[in-house]
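Single chain ahead, by itself, as structure tokens, in the form predicted alone.
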């Protein structure tokens, strides 16, 4: 008996194994097929988007330069060969940031200018000739003649990768923070320094000479720098009206971006909620009306926010109003759809209990419906508000104003990348603040904490 039972058990186990094997093999084949499909798609994308060509055209050096410009500033030492041959030393080459007395690393004597670039790199300019001393390569000479710019390398040396020398221009950049350029009309020497130049006060301000601790003491000092203005007020006004960084204009632009997001989201929430009632099947018996409202939601959210902004810019002109309208139109469709789904999932017993008390239609919605959807309403509105702060920046770049427009303007200059980074940091900071505040509001309003 035991032998027969063991035989039957073995047969049942074998049969079960034979039944599992096809399932395992089918699943394995599906995984292999999915992997091959993904690999084929990636290969198609690689060819269709010409990824190899993009990699070949990439300029990592240029990206490095842009990153350097965003976190550092450079001082230009310029000597002109025509007209006034004096040497000018200025921050970022700006006339308003010209040194009256050259810094320690620049020496000007008679017709000779000596520039110490640090790290063993030195440049000496005399008449129409420059000599560039490099620690590893040796001295390089460049002279402006009737034939153009003539370059002389150390004997037996070939031109390094960081040097471009033609009859039209001499351009040497041995490191990221050092650059020497020479043409028939002038010589320019650039030296980079870390940090944002003149961030707090303008170059010519008397406050520039003070350290942060000295500024703090000066703010509370009874002795005034200007007889008719308290020191704290002078410091605040000078910072706020800094012409290079425009802190006052940046704050106003940031406020415009925030108000665009607030106005657009609030409008979308207030308009989307009553429309959601018309789109909910348990509140609107008319199928035609429900279908019409739902298609309206599809239309509003089917057109991208950027397209709406372009439409309103053509209709109403530039300004924050166009950005707020673009946000409101797009989010009315999105929030209306979410609210209608929330309304269709409400608890009917609570609504029937309110109706049983003899409540009118307004009281029915106020006490039977709204308390159930208020968590969804608040949560979704706050989430869209966070997202719309970012969207308002993009819309502003198209002409709606705010921080986005200033961001595009700084990028168009092709040299104020530190200002660009400044605006990006402020935008990220605003988004982080909105995320923190909305999280606290959700906990307080929804959870009661």
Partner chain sequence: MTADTIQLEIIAMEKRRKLYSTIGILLMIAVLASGYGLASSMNSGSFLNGLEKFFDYPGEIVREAWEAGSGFFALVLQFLPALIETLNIAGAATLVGGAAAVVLAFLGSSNLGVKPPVIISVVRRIMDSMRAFPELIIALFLIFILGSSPVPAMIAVAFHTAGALGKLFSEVNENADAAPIEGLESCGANWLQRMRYGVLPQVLPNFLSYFMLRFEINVRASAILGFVGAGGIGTELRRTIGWGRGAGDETAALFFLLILSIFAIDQLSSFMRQRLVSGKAGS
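Definition used throughout: the rigid core is the maximal C-alpha set that superposes within 1.5 Å between two forms. Every value quoted in this text rests on a predicted model; they were computed, and no experiment measured them. Residue numbers count along the first chain shown, from 1.
This protein has a second form, the form predicted in complex with the partner chain, left out of what is shown; the following refers to that one.
In the predicted bound form, residue 252 approaches the partner chain with a heavy atom inside 4.5 Å. Using a 4.5 angstroms threshold between heavy atoms, residue 314 counts as touching the partner chain in the predicted bound form. When the partner chain is considered in the predicted bound form, residue 393 lines it closely, a heavy atom lying within 4.5 Å.
In the predicted bound form, the partner chain sits beyond 4.5 Å of every heavy atom of residue 385. A heavy atom within 4.5 Å of the partner chain in the predicted bound form is found for one listed residue only; from 202, 319, 230, 148, this is 319. Residue in contact with the partner chain in the predicted bound form (any heavy atom within 4.5 Å), chosen from 128, 247, 141, 366: 366. With the partner chain omitted here, the record of contacts in the predicted bound form names 266-274 of 162-170, 266-274, 89-97, 128-136, defined by a heavy atom within 4.5 Å. Along 49-65, these residues reach a heavy atom to within 4.5 Å of the partner chain in the predicted bound form: 49, 51, 54, 58, 59, 62, 63.
After superposing the rigid core, the C-alpha of residue 381 moves by less than 2 Å between the shown form and the other one. The Cα position of residue 398 differs by 2 Å or more between the shown form and the other one after fitting on the rigid core.
Core-superposed comparison between the shown form and the other one: the CA of residue 28 exceeds or equals a 2 Å shift.
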